[in-house]
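The chain below stands alone, shown as structure tokens; this is the form predicted alone.
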């Protein structure tokens, strides 16, 4: 990060809310993050984790109890400093879009230029508005009432209004959550492509893992007011640092395990599914209680005995309890010992309920979490069986 230009720097941000007029609820508990110019940085977490409160503190809509926020190197929040929202070089898209129903599309977008105190000619305003409407593909509906737009068009209108002043930082507070599933997928791609094409820096808040993984440069996963892991989408998904991250981001198999023996090709761990061979973090000792996690797509399932297990892998026998069809894939619930594992397969290679199958786990497809929070990063996904 030291060779890049920093757009947003947040340090030790704390925000409390009163509860029942007495004790405080800590909504944000010491959040720190740094966003470089041109990044799409995402705060991801469940409802109530503090992600929207963090964004609102950056926007100036909430005043934190302590901490420091710098935008382009200039403090906007610090001890004795609280720059009001209108003086921060930001644009914001709300969950509800907050467009003005009594204005046309053109007037909605032009409004920020007319109230920011800068002198512009009508020609300059029209040129800039037409340019931005063209960027978000709304030029042909400029004269239409904002209430006559579809949900996707309203989302693009809110985005155009946020971009019209060319802000240093774009804040996106779950802007896709009010759209239906198909339109949300379409707008996710459009928003990502627009952000990259304009090279605008964005702080994006969502509880949707698909949005975060597909759109972000980096992700900060939040839980109970704190950032519990930060990294690229691939790092967050394949190398979870905690059980919470492994369980919240995507679908994961989680097995409590005990380290029982050091083997030539890894460690042996006793789990409810059987004894599994795995690589473990440095400092692992026999007797350690750990959590093993692996993704359903990283499991190889064999419908007939595959022979001897390859070096560094474990073979487990199981029974298929359930097969759920999702179109592009099927999800199988497989009982292995006392554990139930989730396995993803191509529909054409799916087993039937009641089939006996053989589960192959490769050590590099697992992440092993210890009670100290250390983990072994998973390598590239294990190829699926044909």
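Residue numbers count along the first chain shown, from 1. Every value quoted in this text rests on a predicted model; they were computed, and no experiment measured them.
Just so you know, the form predicted in complex with a small molecule exists too; it's not on screen, but the next bit is about it.
J.: Would you check whether the small molecule, in the predicted bound form, lies within 4.5 angstroms of a non-hydrogen atom from each of 47, 50 and 174?
T.: Per the other structure, all of 47, 50 and 174 touch the small molecule.
J.: Heavy atoms within 4.5 Å of the small molecule in the predicted bound form: which stretch among 357-365, 339-347, 319-327, 50-58?
T.: After filtering at 4.5 Å, what remains is 50-58.
J.: To verify the annotation, which of these, 40, 27, 69, 31, has a non-hydrogen atom within 4.5 Å of the small molecule in the predicted bound form?
T.: Among 40, 27, 69, 31, a heavy atom within 4.5 Å of the small molecule in the predicted bound form occurs only for 27.
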